[in-house]
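A single chain, nothing else alongside it, follows as structure tokens in the form predicted on its own.
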């Protein structure tokens, strides 16, 4: 089975869990910017091996499904239709052979995920099918999807009966997106970074109490934050050190940069903070102009929240699998 790209959307790419563990080779992780949304999309179509899905940014692609398919959409609220039929989000849908799925703009949020049963079966590199757009690694040398791309779909046992011609058939149940998609722009939890003490007192206060907005220059590598300029107590000359998603750096402009999925493996700017891992998907769903603000947390608090979040997600993934077995 193949899926053909008719229109690529604004920035659409294949993503899975990424390729961790290769920083010593200079290779970053990449992968889905909103991992829970990616996991839930895969779960809703019955994928269990971390299959690649399409990550859409602000405006989604149009795709032709050559054979009947089972799909799911999660993440940011996106318009979706096949002919005159609306395709709902956060549920499992059957598409008939020859369907053209049109994904439009997003009413809120920045990134949506389209999973298909069997996953997009492009060649893996270092154990991942993720496209690293910054490092040019992955499908078609790590570029975004383009018109006329033909994406193979992996083989999978039939999950649902074949849909009637021309009909989109959703299941009779769907997920509540509220716990998994951040509709509100609440503060993100921030730990003090290794160079926190190098910020002057006023800048420390501004970082925790001030409001920033997401710059239009943000991408999968980093969120650039526009707002009050932060200052160091004195100039610093630093040797590059390890960097990872969530690290908040302070370049000479005084405008913070929060590293994201395609973070470089090293960086030489002062590290003034670290965003709690559990809150990174919420930052990934901010769109240009959205508010970004922080509140201070501790390592114990961040780990406790992360553990609770993972437990809830694991229970939900199990529940979805049981429901699909009974379908």
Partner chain sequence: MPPIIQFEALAEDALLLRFGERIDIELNACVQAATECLRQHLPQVECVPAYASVLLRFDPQHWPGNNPHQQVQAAAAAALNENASTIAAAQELVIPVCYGSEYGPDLAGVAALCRLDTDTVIARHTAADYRVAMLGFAPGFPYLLGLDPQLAVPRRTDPRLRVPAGSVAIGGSQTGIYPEVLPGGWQLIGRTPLRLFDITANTPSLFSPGDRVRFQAIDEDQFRDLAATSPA
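What you see is a predicted model; the values in this text were computed from it and never measured. Numbering follows the first chain given and starts at 1.
The form predicted in complex with the partner chain exists for this protein as well; it is not shown, and the discussion that follows is about that form.
Which residue, 277, 68, 59, 293, has a heavy atom that falls within 4.5 Å of the partner chain in the predicted bound form? The option sitting close enough to the partner is 277.
Could you spot which one of 205, 108, 240, 174 gets a heavy atom to within 4.5 Å of the partner chain in the predicted bound form? Looking at 205, 108, 240, 174 one by one, just 240 meets the 4.5 Å heavy-atom criterion.
Taking 4.5 angstroms as the heavy atom distance cut-off, pick the stretch from 134 to 142, 174 to 182, 96 to 104, 78 to 86 that is near the partner chain in the predicted bound form. One stretch meets the cut-off, namely 134 to 142.
Is the partner chain close enough to 21, 125 and 245 in the predicted bound form that each of the three has a heavy atom within 4.5 Å of it? Yes, each of 21, 125 and 245 comes within 4.5 Å of the partner chain in the predicted bound form.
If we define contact as a non-hydrogen atom of the residue within 4.5 angstroms of the partner, is residue 306 a contact of the partner chain in the predicted bound form? Residue 306: contacts the partner chain in the predicted bound form.
Find out whether any non-hydrogen atom of residue 289 is located within 4.5 angstroms of the partner chain in the predicted bound form, and reply yes or no. Residue 289: no contact with the partner chain in the predicted bound form.
I'd like to know if residue 10 sits close to the partner chain in the predicted bound form, meaning any non-hydrogen atom pair within 4.5 angstroms. Taking the distances in the predicted bound form, the answer for residue 10 is no, it never comes within 4.5 Å of the partner chain.
Though only this chain appears here, would residue 310 touch the partner chain in the predicted bound form if you measure heavy atom gaps against 4.5 Å? Taking the distances in the predicted bound form, the answer for residue 310 is yes, it comes within 4.5 Å of the partner chain.
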